[in-house]
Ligand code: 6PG
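Only one chain is shown below, in structure tokens, and it's the form predicted on its own.
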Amino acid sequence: MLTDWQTEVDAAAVADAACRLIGIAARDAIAERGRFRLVLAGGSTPMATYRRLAASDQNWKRWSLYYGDERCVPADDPQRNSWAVIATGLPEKAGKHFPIPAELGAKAAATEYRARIKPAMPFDMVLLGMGEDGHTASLFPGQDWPDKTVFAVKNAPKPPAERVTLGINALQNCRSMLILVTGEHKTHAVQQWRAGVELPVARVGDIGQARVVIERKCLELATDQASNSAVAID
């Protein structure tokens, strides 16, 4: 398990730390290459980070925002990752914003976004979350993932079933990766991850440039759960 783990006192501190780390990565990328290319995560956990970023002082015209996955619903549907991110105020600050056009349908959107991200890789940073089943982006446990940078998902176990996601190789094609984890309901997945279970988030995060920023309570509960399991086996 190559991933570096950083513990923060609570969910607010996770967002603070993520905002700080993203800001450092942005400054370094702009200084070295003139642009910061960031892949955004959906879900509830990263939204606090986006709000903090939107309120921060950045060289915004040099930022380009991409997405790790999207749900195939209308562009103005609140289920959309891009809709939630826009509500934080972050995209209006950034110089460039590239939502996944999932309203076109999964296959067409995947084809279009594949061409969109090709010149952007390697990304400067990929931001990910984790579901309570260990999924990340729209890479779910027990499913086969095509060897494509972006592909259509037709049978996601969580609604909506039709989605578009970056594949594992595209997500790992980055200079740095942050995986944000908050919430006690994710304890079991964290315990499995640290025990070596091949969850999607574990596979994606198994690179030297990945860092998990996790809420302390979640990690402590996962550690306790692992200890209790070991005692029961003994």
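Just count from 1 along the sequence shown to find any residue number. Quick caveat, the model's predicted, so the values are computed rather than measured.
Heads up, the form predicted in complex with ligand 6PG isn't pictured, but that's what we're talking about next.
Exactly one listed residue, out of 96, 148, 107, 158, brings a non-hydrogen atom to within 4.5 Å of ligand 6PG in the predicted complex: 158.
Only one of 153, 130, 102, 90 comes within 4.5 Å of ligand 6PG in the predicted complex through a heavy atom, and that residue is 130. Note that among 45-53, 169-177, 58-66, 204-212, the stretch whose heavy atoms approach ligand 6PG to within 4.5 Å in the predicted complex is 45-53. In the predicted complex, no heavy atom of residue 37 sits within 4.5 Å of ligand 6PG.
Interface membership of residue 126, defined by any non-hydrogen atom within 4.5 Å of ligand 6PG in the predicted complex, is ruled out. Contacts between 160-180 and ligand 6PG, taken as any heavy atom within 4.5 Å in the predicted complex, involve only 163.
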